[in-house]
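What follows is a single chain, given as C-alpha cells, in the form predicted on its own.
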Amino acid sequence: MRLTSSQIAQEVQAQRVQGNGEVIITDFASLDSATKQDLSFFADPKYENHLYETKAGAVLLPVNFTPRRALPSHTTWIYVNRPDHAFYSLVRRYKLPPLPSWGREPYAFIHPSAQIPEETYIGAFTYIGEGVKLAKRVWVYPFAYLGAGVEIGEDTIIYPHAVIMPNTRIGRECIIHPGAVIGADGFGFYQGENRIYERIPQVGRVIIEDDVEVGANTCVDRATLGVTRLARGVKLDNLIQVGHNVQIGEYTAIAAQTGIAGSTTVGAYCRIGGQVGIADHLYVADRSSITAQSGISRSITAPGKSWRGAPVQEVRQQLLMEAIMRKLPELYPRLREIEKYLSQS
C-alpha cells in the first residue's frame, strides 16, 4: 500500500481533513506504536492520551470528537463517522493476503461423486469424501478433511487441518479456522452392567448457517439425534467446546475457552466472555452478556441483562456481594466482639 492521506480520506468518505494531505501512508498500526508512515485510528475514549503522543502519519477520528488539548501538528487528522469501521475496511482492502486462485493442487483426494465447481480452490493433501457438494467460490486449504455428504455454501473458507465430519452443512460466507473440528461425536455415554460406560450412538449432524466464524481448535459436536446448530452470524473464538444438540442464536459472540454442555440453547445477540462454563439442558436468553470465568448452572430467562460470577448472578448483585466479601476480614473481629458482649449480658 502507498497512499496519500488525501487519497485515504477520499476512500473512507471523510467529513474533513486537518493537516498535510500529501503525507505518504504505507502501513497500519496502533496509536502508541505507529510511525510517520502508518495510519491509525481513535474510537475509544480511554485511549485519548495516546492521541497527544502518537507519531502516526495519519489518524482517523470521530466526526464529533473534541480534543482536550491541541493535537500534534505532524499528524494528519481525518474525521469520519466510524473510525474503527473505516480503518478495518482499509486493512481488509490493502493488508490481507490474496486468497489462492481457483484450481486443484496436486495430491488432493477428491471422490468421483463429489460436486466441485471450477471456481473453487482445493489445496494439496486435502481429502474430499463421497457426495460432498461445494458451491462456487469455496476455498479448501491443504490438509483439510471433508467427510461424506458435507455441503458448503458460496464464499466460504476452510483453513488447513480443519476437520468437517460427514453430513455437516456449512452456509455461505463462513470461515472455519485451522484445526477446528465440526461434527465429531458428542460426549454421550450411559452406565450399563457393572457400571461400565456404554457409548450412545451420535447420529445427528451439525448445521452452520451463513456468515459464521469458527475459531482455531474449536470443536462443535454433532447431535445425538437431530441437529447442533450455529445460527446466522455466530462468531466463535479459538478453543471453544460446543456440545451435542446445542443451539446458538443469531449473531452471538463467544470468547475463547468457553464450554457449552449438551442440549443447551443460547439466544441471539448474546456476548459471552472467555472461560465461561454453561451446564447442560439450560436456556440463555437473547442479548445476555456474561463476563469471563462465569459459571451458569441455571437457566437465564430474562433477556438483555448482564451476568457475572460462579454461580452466576446479575452484575449489580454480584458486585455488591464481592464488595461485602472484601469487608469480611474487617467485620469478622467486630462480629466476634458483639457475640462476646451478648453472651456476657
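These numbers come from a predicted model, not from an experiment. When you see a residue number, it is the position in the sequence shown, counting from 1.
In what follows, reference is made to the form predicted in complex with a further copy of the same chain, a form of this protein that is not presented.
- Just one listed stretch, out of 69-77, 168-176, 131-139, 112-120, contacts a further copy of the same chain in the predicted complex at the 4.5 Å heavy atom level, and that stretch is 168-176.
- In the predicted complex, at least one heavy atom of Met321 sits within 4.5 Å of a further copy of the same chain.
- In the predicted complex, Arg287 stays away from a further copy of the same chain, with no heavy atom inside 4.5 Å.
- Remark: Lys235 counts among the residues lining a further copy of the same chain in the predicted complex, judged by a heavy atom distance of 4.5 Å or less.
- Proximity of Pro45 to a further copy of the same chain in the predicted complex: non-hydrogen atoms within 4.5 Å are absent; the residue sits far from the partner.
- Checked against a further copy of the same chain in the predicted complex, the candidates Leu230, Val266, Ile254, Ile152 yield a single residue with a heavy atom inside 4.5 Å, and that residue is Ile254.
- Heavy atoms closer than or equal to 4.5 Å to a further copy of the same chain in the predicted complex belong, across 331-345, to the residues Leu331, Tyr332, Arg334, Leu335, Arg336, Ile338, Glu339, Tyr341, Leu342, Ser345, ordered by sequence position.
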